[in-house]
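To begin, one chain is listed below as structure tokens, in the form predicted on its own.
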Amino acid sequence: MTEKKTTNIILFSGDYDKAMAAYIIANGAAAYDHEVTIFHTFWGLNALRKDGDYNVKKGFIEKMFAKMMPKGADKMGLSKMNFAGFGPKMIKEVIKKHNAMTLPQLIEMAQVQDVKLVACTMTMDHLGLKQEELLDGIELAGVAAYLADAENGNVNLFI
């Protein structure tokens, strides 16, 4: 019996196109029967945020971060050609035209395929994010948990 292959991805970027790439790779690896973990840290956490307002207690700086950061995968900007928000509208139109999956759909597919989605607790503390602001089913863990997963990983990516 062979050991199951693992794919571990650190999603650091908060850019729509880079997050899409991470989730396309994750879903592909899961389809190939890999155990997949995406560890979301810093701006990558925006992909896990729910859209909407949540009644959570925050300090002044935490409130400022919450206002500046996009609420959810569909609100993230592009890494290139963002053009004050016009770029994401263009790419979403291209995705729709080609009947491809959007980032929120890729995230949902990853959850269906049992991709382990992890939010970095240290970054959540720094940015003032609360678990209630994240999608359902997200695991919370620190860097030690990521390293434990990645230590024997077959594929380890930083996006």
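Predicted model only: the values in this text are computed from it and were never measured. From 1 onward, residues are counted along the sequence shown.
Form predicted in complex with another copy of the chain: not shown, discussed below.
S.K.: From the list 29, 115, 134, 118, which entry has a heavy atom within 4.5 Å of another copy of the chain in the predicted complex?
M.R.: After the contact test, the surviving option is 29.
S.K.: Hey, in the predicted complex, is residue 56 touching another copy of the chain, heavy atoms inside 4.5 Å?
M.R.: Because no heavy atom of residue 56 falls inside 4.5 Å of another copy of the chain in the predicted complex, the answer is no.
S.K.: Does another copy of the chain get within 4.5 angstroms of any non-hydrogen atom of residue 148 in the predicted complex?
M.R.: Judged by the heavy-atom cut-off of 4.5 Å, residue 148 is in contact with another copy of the chain in the predicted complex.
S.K.: Closest heavy atom of residue 141 to another copy of the chain in the predicted complex, within 4.5 Å or not?
M.R.: Outside the cut-off, so no.
S.K.: Given that the partner is absent here, does residue 91 sit within 4.5 Å of another copy of the chain in the predicted complex, heavy atoms only?
M.R.: Within the cut-off, so yes.
S.K.: What residues, if any, in 125-140 have a non-hydrogen atom within 4.5 angstroms of another copy of the chain in the predicted complex?
M.R.: Contacting residues: 125, 126.
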